[in-house]
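There is one chain below, alone, in structure tokens, taken in the form predicted on its own.
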Amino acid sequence: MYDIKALYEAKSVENAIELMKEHPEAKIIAGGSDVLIKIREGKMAGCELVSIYGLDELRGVSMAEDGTLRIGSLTSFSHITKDPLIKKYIGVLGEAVDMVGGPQIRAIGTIGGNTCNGVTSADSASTLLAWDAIVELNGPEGVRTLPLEEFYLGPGKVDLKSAELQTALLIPKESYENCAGFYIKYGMRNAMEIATTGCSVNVRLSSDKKTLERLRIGFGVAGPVPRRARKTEEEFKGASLEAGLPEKIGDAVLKDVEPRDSWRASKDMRLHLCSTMTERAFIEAVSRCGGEIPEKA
């Protein structure tokens, strides 16, 4: 049994906002793969819930006239993996969320829930950061947007104001056009595993495939929140694809991360993972983008 005081079912986004205003202590529930576990563990015993699971308007992937990809916050992981637009433009996101839990979790878990829980190990987070994702939020004051990177405020904490609801994640055309990426998740098991560290890299190459025009690197479990390796991205913008470049980038990211010791892995191990995973993901991203890293002489 679940210790729930009350459950309110929203009929629309506007109705969900009104329900949250009427019940300010209530928590949003979508797929429930995180919330129900917390309730069962007693961490949210006696809570009030506002269910948005029935809001089909928040499901699916679409493309705006300006080329922006819009991923509804209630879109499940399994739907993202199979969606034609995701496959065509940002297939790595489908690959990343296909590593979440097992088939049952991927069928019920949502991309909005995965970002709103604020955990640094979320499999979608590092890839969304690497694609410059923007969060769309709807609340009493209307709609606002902000970069996903700014949405994360601290461990388990995100920038959701009172009675506010995440409605979509947006990927601008500039962030995916002519780009290719790769995501690596390291864990103790091959399935049903929380990431020890996650790394997502994407690149855009020059027309002759010899120069790195754009580099994005996102990490999970390399700090208290998912993060971008911004110093490294800027340092290697415009770099030539030459022998030893992956190793240089792998070394450089160490100034962008600050992992900690935990029972899953030591800080030193995570630093090693950040470096080597970046190298591997970069090489694969370059290959997917039609480039090639020359071998060392």
Ligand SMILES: Cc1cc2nc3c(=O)[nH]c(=O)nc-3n(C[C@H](O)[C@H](O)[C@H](O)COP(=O)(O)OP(=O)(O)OC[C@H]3O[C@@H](n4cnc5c(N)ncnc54)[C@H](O)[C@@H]3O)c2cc1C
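For every residue, the number given is its place in the sequence shown, counted from 1. Please read these numbers as outputs of a predicted model, since none were measured by experiment.
Just so it is clear, the following notes concern the form predicted in complex with the named molecule, a form of the same protein that is not shown.
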{"item": "Stretch in contact in the predicted bound form with the named molecule, which is absent here, among 86 to 94, 199 to 207, 139 to 147, 111 to 119 (heavy atoms within 4.5 Å)", "value": "111 to 119"}
{"item": "The named molecule contact in the predicted bound form: L160, any heavy atom under 4.5 Å", "value": "yes"}
{"item": "Exercise: I37 in contact with the named molecule in the predicted bound form, heavy atom 4.5 Å", "value": "yes"}
{"item": "Contact label in the predicted bound form: R216 to the named molecule, heavy atom within 4.5 Å", "value": "no"}
{"item": "G32, heavy atom within 4.5 angstroms of the named molecule in the predicted bound form", "value": "yes"}
{"item": "Heavy atom within 4.5 Å of the named molecule in the predicted bound form - the one residue of I134, L212, C179, M99 that qualifies", "value": "M99"}
{"item": "Site test, S78, R228 and V257 vs the named molecule in the predicted bound form, non-hydrogen atom cutoff 4.5 Å", "value": "no"}
